[in-house]
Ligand code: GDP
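To begin, one chain is listed below as structure tokens, in the form predicted on its own.
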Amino acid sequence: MEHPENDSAYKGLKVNSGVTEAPTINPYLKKRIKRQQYTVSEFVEGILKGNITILSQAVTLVESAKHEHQQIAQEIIERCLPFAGKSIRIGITGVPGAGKSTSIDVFGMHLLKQGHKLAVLAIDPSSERSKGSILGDKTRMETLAKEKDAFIRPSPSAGSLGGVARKTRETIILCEAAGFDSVFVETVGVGQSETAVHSMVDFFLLIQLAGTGDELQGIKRGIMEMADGIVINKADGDNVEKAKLAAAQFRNALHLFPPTDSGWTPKVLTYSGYYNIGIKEIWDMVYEYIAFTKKNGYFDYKRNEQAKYWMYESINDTLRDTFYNNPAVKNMLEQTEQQVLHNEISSFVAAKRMMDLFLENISK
């Protein structure tokens, strides 16, 4: 529209048209590259060739809560299963701040220099309030993250450790099929996460610290009984003597526990992840354990027991999901919950009613 001020009646006054207003939508958005959609056969073929991009997308499907993604993921896992099982699986745990990520960085580089391929699966704790996770493990594994033969994948616990543990076990299968002969599973270092990770690895390594006060604080019966090896980190500088003392205390504590099912006596070593001291000795211990358990048959026995354990865990997960996704249960659950909250019925009566309702509907 022309400005009326430019009319000849207004001599000496001129208004320019100005600049055309820029579009509010970024024109480059249309050019954004869309992620390629693969068929199950293409996924399997890419994984077996060691294609990291395809492996990452397959892991995303495994972690997805969508039903259609889960169906594709299960088919991929089933077809990759014959190519899995040839790696050494190592669980790594320790209290937050023990130096797990730094140690994994150093342990991993030791393996890569020997010609191995390594997958690191880190279970990252999620906020109970926001349900979010930082997923910053790669920033703490600076050297390893740059290596082409290393695959680092953090997964959020998202409040459901059991679900993440099952997905992590499935991810191990995909990584093994992709040619990774060593797998690290790092735990969140709190609560029941150790038990979940212990049920999917061959060797369970406990990282402890010295010089932080009461050394016996770290000697907890449950975690100590699960550990196949204990290592005291930060054994450098003024901390060397403290680390040796802590190691001696842990060795004494181990004598109080009953013999392990494997027949192996857990060792206690000291090292420094930061200064790369004592790493070879730790790996000598791991290889000694693997050779020992393979010789006495415990290695295969443990893997069979783990497979059976995860079969029952999967059954339990499926039953729980089927129950909560049942339309009749969904309709009645909130009402029944309110009755419990108002003391109209007990929790046990409410649970029985819901189970009866569920069984009634699935039998129809």
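For clarity, every value in this text was computed on a predicted model and none was experimentally measured. Just count from 1 along the sequence shown to find any residue number.
The form predicted in complex with guanosine-5'-diphosphate is left out here; the points below concern that form.
is_contact(residue 97, guanosine-5'-diphosphate) in the model of the complex, heavy atom dist at most 4.5 Å: Yes, contact at 4.5 Å.
Residue 87: touches guanosine-5'-diphosphate in the model of the complex, heavy atom cutoff 4.5 angstroms: The answer is no: residue 87 has no heavy atom within 4.5 Å of guanosine-5'-diphosphate.
Interface membership of residue 273, guanosine-5'-diphosphate in the model of the complex, 4.5 Å heavy atom rule: Within the cut-off, so yes.
Contact flag, residue 169 vs guanosine-5'-diphosphate in the model of the complex, heavy atom cut 4.5 Å: Close contact is absent here: in the model of the complex, residue 169 is far from guanosine-5'-diphosphate, nothing within 4.5 Å, heavy atoms only.
Stretch from 89 to 97, 241 to 249, 194 to 202, 74 to 82 whose residues place a heavy atom within 4.5 Å of guanosine-5'-diphosphate in the model of the complex: Partner-contacting stretch among the options: 89 to 97.
Partner contacts in the model of the complex for 228 to 256 (non-hydrogen atom within 4.5 angstroms of guanosine-5'-diphosphate): Residues within 4.5 Å: 233, 234, 236.
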